[in-house]
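In the structure tokens that follow, the same protein chain appears in two forms, which are kept apart as structure 1 and structure 2.
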Structure 1
Amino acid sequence: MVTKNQIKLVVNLKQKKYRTQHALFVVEGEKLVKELLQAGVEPLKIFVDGTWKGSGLGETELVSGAILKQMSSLKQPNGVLGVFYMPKPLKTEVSDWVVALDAVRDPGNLGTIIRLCDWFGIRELVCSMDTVDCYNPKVLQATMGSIARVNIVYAPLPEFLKNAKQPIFGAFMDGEPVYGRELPAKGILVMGNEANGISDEVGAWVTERISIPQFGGETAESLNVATATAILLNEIRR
């Protein structure tokens, strides 16, 4: 039977400081939980309520719908909630393309970018220390399970770029149009903050400034960072 301390722990894990303290995070939904299990991420506990009739989650603990709702970050819990140990990040290998994020703050954007990395076969994602936490519940939902297949490292971005031996491409409004460019077999793609783009401190290490040409009217000031990442990754893999 679930204890008050277990409920309190899951509720506390909605906050980054407790996720960091316990090295635990929460995912919700059968698909997300199965993706993590299949990727070998170690579970602490998997809770299900009476609405869940599936299989393949291993050992589960049955709780009431009211308890699951208390633990959930969703308005309408979907019957499965897993508490997992955070995998230890691997050392970043620049044997292919790497995506680097400079202060991306929106959870939906980060989650979508993680999903895009998975789709385009980008296994390494480096985030600045002020990028939103990849274990934020909204980020996890947006990844649709892709977080299990992308190595995510948080690091001081200027230091990471300073030590890079590959060309560093940064997305700028005034950069050279990416269409028609011959892109190398490996490199680093830097994407900036939603409001301010790439900071001067990070931009100082960019060796190639690229942009996505605008064909419509000038009423659209810029592209969403996740949308821009999708277009650029498509060009990299094309």
Structure 2
Amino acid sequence: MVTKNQIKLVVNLKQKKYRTQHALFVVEGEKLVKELLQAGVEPLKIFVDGTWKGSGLGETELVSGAILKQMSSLKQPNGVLGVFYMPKPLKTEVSDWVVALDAVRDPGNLGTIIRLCDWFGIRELVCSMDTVDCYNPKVLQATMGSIARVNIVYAPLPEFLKNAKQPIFGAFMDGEPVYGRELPAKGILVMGNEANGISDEVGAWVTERISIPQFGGETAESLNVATATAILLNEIRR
């Protein structure tokens, strides 16, 4: 039987402060819950309602549709809601690239960037304190299971960069074209905010200002931060 306190906990986890306090987060939908289980993320509890006819979620707790709706962040809950422990940091190679994000605000962009880090084998992602929370439901929707395979740390970026020993690359509209450049085996790639790019106080620590050349006769306004990250990680790995 689900208790009132359990329901209250799940409802509270919609807010970042409770997620941080309990080191728990919520994902919804059979597909995403399965991916996290397969990725080895430990569940506290998986709730399902009577509409769910699937299998392969391990131990589940059946609740009424009304209770699942109360717990859910979705207008139309989809039958499965998992509460998971935040993954513990992975052991990573320090001799690789790190991605650092300066005030990325859009959950879909952060989710896509986490998935890109996973694809390109980047295991360390450092987010400025004002980057959107990676356990925000919309971020999780876009990351898929990748959240379990990338270490995500929130830290003041100028501090982090000040102590870094690797070369620090930053993406700027007016940076040097990245094509034909020798890129080192390790480094930090800084990507900026959707509207304003990299802030001055973070940019001050960038040692190499790079850009993606434009071919449309300089008419296109800019690339979305997630697509620009895709291109630059591809340049680093190719």
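Take the two forms, find the largest set of C-alpha atoms that superpose within 1.5 Å, and that set is the rigid core. Please note that residue numbering is based on structure 1, beginning with 1 at the start of its sequence. Worth saying up front: this structure is predicted, and the values here are computed from it rather than measured.
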So which is it, 1 or 2, that shows the form predicted alone?
1
With both forms fitted on the core, give yes or no for whether the Cα of Ile231 moves by 2 angstroms or more between structure 1 and structure 2.
no
After core superposition, I'd like to know whether Arg209 moves between structure 1 and structure 2 (criterion: C-alpha shift of 2 angstroms or more).
no
Does the C-alpha of Gly40 move 2 Å or more between structure 1 and structure 2 once the rigid core is lined up?
yes
By how many angstrom is the Cα of Gly50 displaced between structure 1 and structure 2 when the rigid core is overlaid?
3.2
